[in-house]
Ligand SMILES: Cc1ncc(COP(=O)(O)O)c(C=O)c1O
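Taking the form predicted alone, here's one chain by itself in structure tokens.
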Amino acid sequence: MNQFDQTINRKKTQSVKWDTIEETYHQEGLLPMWVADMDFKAPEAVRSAFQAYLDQGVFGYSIVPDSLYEAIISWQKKRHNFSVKKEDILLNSGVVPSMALSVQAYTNPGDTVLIHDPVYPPFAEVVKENDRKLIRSQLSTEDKFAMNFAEMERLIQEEDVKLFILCNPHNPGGRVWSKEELQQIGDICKKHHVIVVSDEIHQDIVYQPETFTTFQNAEPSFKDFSIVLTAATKTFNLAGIKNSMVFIKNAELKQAFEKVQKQNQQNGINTFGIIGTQAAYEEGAEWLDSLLDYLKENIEFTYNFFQKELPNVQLSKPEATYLMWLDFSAYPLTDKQLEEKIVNEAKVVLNPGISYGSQGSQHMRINIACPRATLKEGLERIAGAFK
């Protein structure tokens, strides 16, 4: 049996994905296909590293070993042709916390921050909760997602934008922004002195023939006004270990980020984050390659299912991530009615598209990172509700 076909009972494991749905929707028997973690075991190498730490039985304060930095540097070079040095790397509890710190480090209250629409909801949250002005540039969602560069430049000029937060690969659209697209956005931000924060947490979950380009590889000068956020946690299903990387090659930007980190006491790292990240990067490549094959098959399965069973639901195959963006606009339903129909009639929980921005209206995001049998059940439930 394929290791990813194994069904794991995650109920009553304090899982956000599995154990919050009943209190959220007040009913039993719901199938969660929402929160972006996978229903697969982490690689054996990671579990063995955790077990060795557990066996020694003492869980005091930990130092960060050079071997972790070496693993990060090696992974970025091998998988993404991205050269970083130890002095370019800061560690933090997560990509979203790092995003919040970057808003604090590089802008002042009242400053304007630009994001795309639709995009992962915490992008907007970290801006608004830090008392900055939020501006959205709408992505074209015809066929596949595309940036509107003219609108972005206009907004940057009119609104005096100080910071742009990029999602690459894009969540929920599954786009891997091309080197040329990154060069265009970088040129605009460079011209208008806008700092770029690039969330690249999905960088490893990219399907051939697509290739991922980190923002700082798009053009050498981009390192002077950008920072890159990533982690092993999305790749290897380790969200709970709370560790991420911040790559900053500009000394001034690094100093500003470190200052805010220290002000917020955000420079301590979870020991499991240290151990899990190092083990994953050192020994997880083969597991990841097998995972990508399985996820790609799940994407094909999902796409073909909707084409055959629910052709009125529009969707495209993502170039990256294990998330698919479903367009239900053919059905005369409000966003609230759409969510209620899927929950109450299909007994499936998806992420409402409207939470990603106005462009997400009448859309839903589905997580296909689960055993094929679970996926099939979820899709059949959805089809049953709409037929």
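In this text, all values refer to a predicted model and were calculated from it rather than measured experimentally. Each residue number is its position in the shown sequence, starting from 1.
Below: the form predicted together with the named molecule, not depicted.
In the predicted bound form, the named molecule sits beyond 4.5 Å of every heavy atom of Leu315.
For the chain shown alone, Val96 is a contact residue for the named molecule in the predicted bound form, at least one non-hydrogen atom being within 4.5 angstroms. Though the partner is left out of this view, Cys167 does reach within 4.5 Å of the named molecule in the predicted bound form, counting heavy atoms only. In the predicted bound form, Phe123 approaches the named molecule with a heavy atom inside 4.5 Å.
Using a 4.5 Å cut-off to the named molecule in the predicted bound form, each of Ala36, His202 and Lys242 places a heavy atom inside that distance. Only one segment in the set 291 to 299, 115 to 123, 278 to 286, 212 to 220 has any non-hydrogen atom within 4.5 angstroms of the named molecule in the predicted bound form, and it is 115 to 123. Of the listed positions (Ser226, Gln76, Thr235, Asn171), a single one reaches within 4.5 angstroms of the named molecule by any non-hydrogen atom in the predicted bound form, namely Asn171.
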